[in-house]
Ligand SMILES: C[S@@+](CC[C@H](N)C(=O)[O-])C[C@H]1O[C@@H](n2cnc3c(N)ncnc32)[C@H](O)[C@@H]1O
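First comes one chain, alone, set out as structure tokens in the form predicted alone.
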């Protein structure tokens, strides 16, 4: 998580829909924005959210009237992605989880916030031959928003995790957003090694006779002594037949995409060769590769922590996007003062 952020959004409020454990909350509040409402139907995630922000999210958003939600400047939502994910059945809007996008539209239609900041899986763009994204774009446009979207990879924004997600930023038409742009990759040199815990007690070590290491990565510096930038996962071996959750990676590279589900011995985190042992990541290491600070309190059940970070947003990526949003909003404020 980025620190020492300029407090450029102290006059802005936001709501946190499908809030999970608060990735959006961390990103927006780091700029001084204030959360006035959160909603999350998973009780375990709501526990973690309350533990960290002293704000208990309301439950099922479909049961909450728009008029009962406080007025706000920014609407944030990492709306459920299973309906669009390549690892799911990809039923999209036929799936009840897919229709939850229209809850966002309902609330935006009533409150007309200045900005919508949404996140979903990369496959949302290509789902149903592009029709799903076209529907989202059309709905938001009809509501009076200028829509921008792009696929960004957490690996390109200072986090050691290969995680591609589509980010949607929609500005109310009353705001001049023609100069908005998504942040350029920062190409920070970072690897999994940089965020590892020292002998974590809750990182499962794999001990079995079908581990096969077929590649060595002996150093992370080049012939000139400069650190090599491995900004993607480096697979070096397999367990069993090397299926999903059975691939082993080197900590000089990045992690695979954390997942809330998935099978195999390395389910949810992947497997890594660390200190001559093959193991999964610990919950705290998962938090770090998602950009959560060590001050963030984890759920007391490791199983829930793994699920929560697999479902979460990458905080640093959001912060870089919010920097660009804040630039647009600041310019808008200056133009009003000038007029």
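Here the structure is a predicted model, which is why all the values come from computation and not from measurement. Positions refer to the first chain, counted from 1.
Although it is not shown, the form predicted together with the ligand is what the next lines describe.
- Using a 4.5 angstroms threshold between heavy atoms, residue 44 stays clear of the ligand in the model of the complex.
- The ligand is not shown here, but in the model of the complex it comes within 4.5 Å of a heavy atom of residue 100.
- Using a 4.5 angstroms threshold between heavy atoms, residue 62 counts as touching the ligand in the model of the complex.
- Among heavy atoms of residue 285, none comes within 4.5 Å of the ligand in the model of the complex.
- Heavy atoms within 4.5 Å of the ligand in the model of the complex belong, among the stretches 29 to 37, 275 to 283, 66 to 74, 305 to 313, to residues of 305 to 313.
- Note on the partner interface in the model of the complex: the residue among 237, 251, 80, 158 having a heavy atom within 4.5 angstroms of the ligand is 80.
- Shown without its partner, the chain has 18, 19, 20, 21, 22, 23, 24 in segment 8 to 30 as residues with a non-hydrogen atom within 4.5 angstroms of the ligand in the model of the complex.
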